[in-house]
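Consider the single chain below, provided in structure tokens and representing the form predicted alone.
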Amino acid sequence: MTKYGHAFVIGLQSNLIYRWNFAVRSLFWFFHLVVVFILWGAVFAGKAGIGGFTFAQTLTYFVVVFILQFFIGAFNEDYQISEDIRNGLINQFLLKPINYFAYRLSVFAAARVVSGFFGVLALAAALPFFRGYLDLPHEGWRLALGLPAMALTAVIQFSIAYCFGLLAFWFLEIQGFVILSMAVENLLGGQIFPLDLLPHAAFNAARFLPFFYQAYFPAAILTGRQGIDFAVQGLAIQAAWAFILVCLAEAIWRRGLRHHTAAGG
């Protein structure tokens, strides 16, 4: 594990070089939150609640979703992996005792530490404006179950990005696949609206998709939108998807190597 620890440290140093990119992204997050506040404020105008939740609970959900993305979101890992393959940089990993998935996961974790730090700064700057509109629950079990849910969400998000990055073994350009994936993730992951506002049948169907666990699930636990029974059942499904996606990533990697021509690098 020592070599992956070194990869994590190098990833920290590399991401700190581009700290202004994360700072600008945090500033954009602040304006995004203002837009969400205005939009959902208009939706809740004249209404005590929607779907059994108040405006404060809904705004709290979006705040948690946005801050979670800084800590567990896969922003551009798919492009980095595809560039390694296209430029031949992947060859250096084929000749050394390094697991490429573990290496990229270490770099991903380092990037999330840096982006998470700036996300917390952005949240601190936004709190004076939204403090009176936030409504977080206080049950201790929510944090106890929310933290492992966040960790599994990070694995799921990274594994999906990893799989899309590996498509560069077959395709010269993966941008179309990534854009399609982002659209589906934003819709079915609960980043556009809380998924519990869906019809009951559609919500139950979404529970068995991996996208459900990319944003909505940990946010729903932490913000009180779901109870403990739902959280425990969801953790089991989420762990199963994390395992499936890691296995899928390894299968695509092995199959992709059969098509790879080791030139350059």
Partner chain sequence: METLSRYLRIWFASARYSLVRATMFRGDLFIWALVEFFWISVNVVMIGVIYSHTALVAGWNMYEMMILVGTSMLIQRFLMAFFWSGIFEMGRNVRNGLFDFILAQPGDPLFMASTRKLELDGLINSFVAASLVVYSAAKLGLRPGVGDIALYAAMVACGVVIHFGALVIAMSLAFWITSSQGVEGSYFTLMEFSRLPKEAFHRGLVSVVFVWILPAVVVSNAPARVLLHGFQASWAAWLGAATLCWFALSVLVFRLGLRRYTSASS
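Keep in mind that this is a model prediction, so the values were computed, not measured. Positions refer to the first chain, counted from 1.
Below: the form predicted together with its partner chain, not depicted.
Its partner chain is not shown here, but in the predicted complex it comes within 4.5 Å of a heavy atom of F177. Its partner chain in the predicted complex is not approached by L127, whose heavy atoms all lie more than 4.5 angstroms from it.
Under a 4.5 angstroms non-hydrogen atom cutoff, its partner chain in the predicted complex lacks S14 among its neighbouring residues.
The closest non-hydrogen atom of V34 lies within 4.5 Å of its partner chain in the predicted complex. The partner is absent here; in the predicted complex, the one residue of A240, L209, I228, A42 having a heavy atom within 4.5 Å of its partner chain is A42.
N186 is the sole member of N87, Q92, N186, N99 with a non-hydrogen atom within 4.5 Å of its partner chain in the predicted complex. Per the 4.5 Å heavy atom criterion, its partner chain in the predicted complex is contacted by stretch 178-186, the sole one of 153-161, 178-186, 102-110, 136-144. Residues are counted as partner-facing when one of their heavy atoms sits within 4.5 Å of its partner chain in the predicted complex; in 186-210 these are N186, L187, I192, F193, L197, L198, in sequence order.
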